[in-house]
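Below you'll find only one chain, the form predicted alone, shown as structure tokens.
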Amino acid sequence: MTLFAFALLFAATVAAYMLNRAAAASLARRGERLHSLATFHGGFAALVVLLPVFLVILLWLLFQGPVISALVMGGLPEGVLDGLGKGEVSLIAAEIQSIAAGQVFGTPEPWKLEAAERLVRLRATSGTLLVVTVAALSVVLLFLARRTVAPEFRARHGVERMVLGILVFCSTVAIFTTVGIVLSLIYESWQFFRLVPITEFLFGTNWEPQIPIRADQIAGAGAFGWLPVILGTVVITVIALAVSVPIGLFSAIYLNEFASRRMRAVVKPVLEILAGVPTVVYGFFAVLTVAPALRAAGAEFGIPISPNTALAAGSVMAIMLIPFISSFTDDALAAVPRALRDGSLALGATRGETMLKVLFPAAIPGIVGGILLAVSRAIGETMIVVMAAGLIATMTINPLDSVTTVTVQIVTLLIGDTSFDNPKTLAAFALGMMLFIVTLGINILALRIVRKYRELYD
């Protein structure tokens, strides 16, 4: 029904545009002097229908689930939820939803089957009401929009105001989304630090978040020192940047200044294809090709190498980062004013000297932006590290050892049936908060570098 409601909205929007545009065009053909073009009259009608109905659909879908769930759980027989905790009630609600979706495991109690049937009925009723509401509201708005067509009506101003409102709304949503993410990280991290001392987390050298999930389960006490995790992230990132930055910069310099047009037309698209390769393919390449090759080379020289190594993950990750650095650097070099290049060559400098002393320093802001993007991709990469570097947090800077990263641990901690008030789960938010702080610091540092060098070439 939701898809049908959106299809109905689309049809009503197109109909509003066509009707008002045709009506305005008819007035113009009769010699009436219109304030706005016929297309603006049509656009005004389309937005008048689209925006309110679309908002109604979004609000309906947003509150439909919680309202129906509350009705279903409120209609359960008396006593079935007595003495149960919040987590157990959530599990019962999830089981009822699974039964309603046709995923029945074992023999559910009769009251669960009745609740699932009621859930299906409520969803069907809600879908029907949504379609009826969309149809009725679209007809009303279409009628009101049609009455606005007149020679003196300022349709263009109305369209511009609504488009401006949409832009402001999108900007506000982006801002509040960022604020919400930060506040959620702060809150969940605070919950974690209530259970685990912050000094242990910041300065601990052991990361073993294996604690009991249930009261009857045997597990270790757990250790939540994040230093091995962030150290593994730094090691892999440094390896990836040490390989990708020189290759990316040199390839961009060659393509921008020294390569022929035919060479550039072939090499640049081929190089940028690497950016479209899925990370899981890089992970397979690392674990099936690079890692065995490193172990074979180590065996030849008598160097012990772990099956999963930071070197394998970092070197393959570097291949993924080369297109970003190369593309940003090439664009930054191409954006340097032609007068700087011509002036340097006119004074007798060679092309190499011009690139090294004039073009490259002038393009530093764009180059830093590309490297910063590569750093962000390296820090946030998960699949390559999982497949090539492993899951064990080791306090080492040896690239031949197995390490793990912050993002891998976040994914690992959030997988499973651990409750959200458990330190093992909350540790993922603490890691996310620290990763956010580290990334923010890198961004601030990069901005300072960009501003410092940009002032020299304004």
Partner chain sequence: MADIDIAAGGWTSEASRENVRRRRRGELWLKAAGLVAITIAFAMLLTLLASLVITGFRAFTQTHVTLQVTLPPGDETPSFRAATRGAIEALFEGADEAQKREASRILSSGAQYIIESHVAANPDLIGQTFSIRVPVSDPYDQLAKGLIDRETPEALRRVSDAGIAAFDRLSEAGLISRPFNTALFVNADSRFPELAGLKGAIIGSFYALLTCFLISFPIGIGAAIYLEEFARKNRLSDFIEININNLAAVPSVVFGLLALAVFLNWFGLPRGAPFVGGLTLALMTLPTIIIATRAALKAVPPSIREAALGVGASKQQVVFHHVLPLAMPGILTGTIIGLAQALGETAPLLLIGMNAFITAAPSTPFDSATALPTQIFIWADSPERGFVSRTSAAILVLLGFLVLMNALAIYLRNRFERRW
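Predicted, not measured: the structure shown is a model, and the values here were computed from it. Numbering follows the first chain given and starts at 1.
What comes next is about the form predicted together with the partner chain, which does not appear here.
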Give me the residue from 143, 203, 250, 301 that has a heavy atom within 4.5 Å of the partner chain in the predicted bound form.
250
132, 195, 265, 163: which sits within 4.5 Å of the partner chain in the predicted bound form by any heavy atom?
163
Given the stretches 302-310, 195-203, 348-356, 134-142, which is the single one in contact with the partner chain in the predicted bound form, using a heavy atom cutoff of 4.5 Å?
348-356
Distance check, residue 235 to the partner chain in the predicted bound form, heavy atom within 4.5 Å
no
With the cut-off set at 4.5 Å between non-hydrogen atoms, does residue 9 touch the partner chain in the predicted bound form?
no
Hey, in the predicted bound form, is residue 119 touching the partner chain, heavy atoms inside 4.5 Å?
no
4.5 angstroms heavy atom contact with the partner chain in the predicted bound form for residue 156:
yes
Restricting to 31-60, the residues within 4.5 Å of the partner chain in the predicted bound form through any heavy atom are 40
